[in-house]
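This document starts with one chain, in the form predicted alone, laid out as structure tokens.
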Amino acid sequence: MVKRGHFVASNLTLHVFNKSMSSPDAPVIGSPALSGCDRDLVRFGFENTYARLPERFYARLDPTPVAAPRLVKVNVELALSLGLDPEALASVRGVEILAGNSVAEGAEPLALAYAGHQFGHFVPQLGDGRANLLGEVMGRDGVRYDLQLKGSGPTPFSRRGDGRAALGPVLREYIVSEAMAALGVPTTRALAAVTTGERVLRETDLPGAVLTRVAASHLRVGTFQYFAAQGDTEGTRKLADYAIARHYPEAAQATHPYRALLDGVIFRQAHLLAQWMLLGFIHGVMNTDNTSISGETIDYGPCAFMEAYDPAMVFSSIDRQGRYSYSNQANAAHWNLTRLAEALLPVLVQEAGSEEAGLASAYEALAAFGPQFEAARDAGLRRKLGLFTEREGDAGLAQDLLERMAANHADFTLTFRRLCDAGAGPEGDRGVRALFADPGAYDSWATGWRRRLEEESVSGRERTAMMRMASPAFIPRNHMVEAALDAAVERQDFQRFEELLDVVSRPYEDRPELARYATPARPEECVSQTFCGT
């Protein structure tokens, strides 16, 4: 449990099928790209702004070509929302661009510079060691988005790495980031995945792939740390001005714009962390270089969704001390934001007029994180419990349920989803209590919960509808993700990947025919560790 106040869409596939296969609907890994589109139709309409910043902010270089790029998937819905032609992206020319073998018109490929604390240890230069920012496009919503290739080859920031990505981690990020988008959580998204026809060496020899990632930007806490570590106050100021213009334009009108920037980042992170917690999501590697200034979830490495509720749960194979365990994620976010405040301190001091006033401003901003996170999380828990109004004792009621869930190994997602039926009346209790090792633990809690529900002036039908929009039926369960990745990597079979994407793209719908995707793993299916992929 998190102790209160304790803070230090659709995905249509553009596969080409192997006509010799017995099943014409089975996609083929590494299938050739569609070739019916004229190369001139692959238009991105790049409008790049980060490339106008000083050269010390990045390294200019093109992606490294690969041997034999083949299309795995184009995210049609996302492409259309960005004003892009999905069929053009799936053409021969489009796949060449998505693989890094060709540079699109208007692209200005960059590897971004940044630093970061990794598990508490500061590294003054990290940067994009295997990624390439192609440029920026304006979505149909009027928002500017980065298009980045991940796994596009070595850069000056690779630190002796190969700059490549394996197919499994690429598909994991595709699945989980698209699930998060469908769940309503701010996140980077996957526009496309291609195989490279090359192998990468990790624990074993694996097929390579490239992910095209879409983000509101790739500015990180670590980006600010990069300039702060060099004592480059002018660089910090330019970066802050850019972040304000791109993400927090209202801050430009504030009396103290840099303080307003810090306030805005803190607010978005507080609400993002609350959303993670309400879904049982564990990021796994919450380093400062993985903390987005825009407030999006970024860098899906050893991430996972809990099944049996355990506040101390850790999946990441590299998080041996539980630094980024489920219950410690809010603390970790606050720690990361403190590092951002430190990096911004020179401009905060100049803005406030004195060192003392600048420090006071930073401390005041950071103090807001705890109350903001708790308010967002408590509001979310009330929705999950079917409470339309706020009453004293609601937080304690929710905490009591979580403690009983932990003691009884109740599945996090299923408990809250089945609670939706119980919200309509006691006849729905049977499904919830079956999840508890001691069903009486639920029964005694439900007595108090029903007394609280009597204070609400809504019908059971209204309550259930609200609860269903707060508690998904489907998440990308770890064993299902691993099964999809194994099939793709080991047998060149993408069918499970496709099916799982379809399921998680509509997480709040009841789909009885897909009940197996809502079922917790059997003991032999449990996934206890997830891996970063680098």
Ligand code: AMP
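One rule holds for the numbers: they count along the sequence shown, beginning at 1. Predicted model, so just to flag it, every value in this text is computed and none were measured.
What follows is about the form predicted in complex with the ligand, which we do not show.
- The candidate spot formed by 310, 383 and 472 is out of contact with the ligand in the model of the complex: none of the three has a heavy atom within 4.5 Å.
- Look at 398 to 406, 74 to 82, 152 to 160, 203 to 211: in the model of the complex, residues with non-hydrogen atoms within 4.5 angstroms of the ligand sit in 152 to 160.
- The ligand is not shown here, but in the model of the complex it comes within 4.5 Å of a heavy atom of residue 126.
- Using a 4.5 Å cutoff between non-hydrogen atoms, residue 350 does not count as a contact of the ligand in the model of the complex.
- Taking the partner from elsewhere, residue 172 is found to have every heavy atom lying beyond 4.5 Å of the ligand in the model of the complex.
- The shortest heavy atom separation between residue 233 and the ligand in the model of the complex exceeds 4.5 Å.
- The partner is absent here, but in the model of the complex a heavy atom of 114, alone among 258, 114, 412, 324, sits within 4.5 Å of the ligand.
- Residue-level contacts in the model of the complex: of 247, 339, 189, 130, one residue has a heavy atom within 4.5 Å of the ligand, and it is 130.
- If you take 68 to 99 and check each residue for a heavy atom within 4.5 Å of the ligand in the model of the complex, you get nothing at all.
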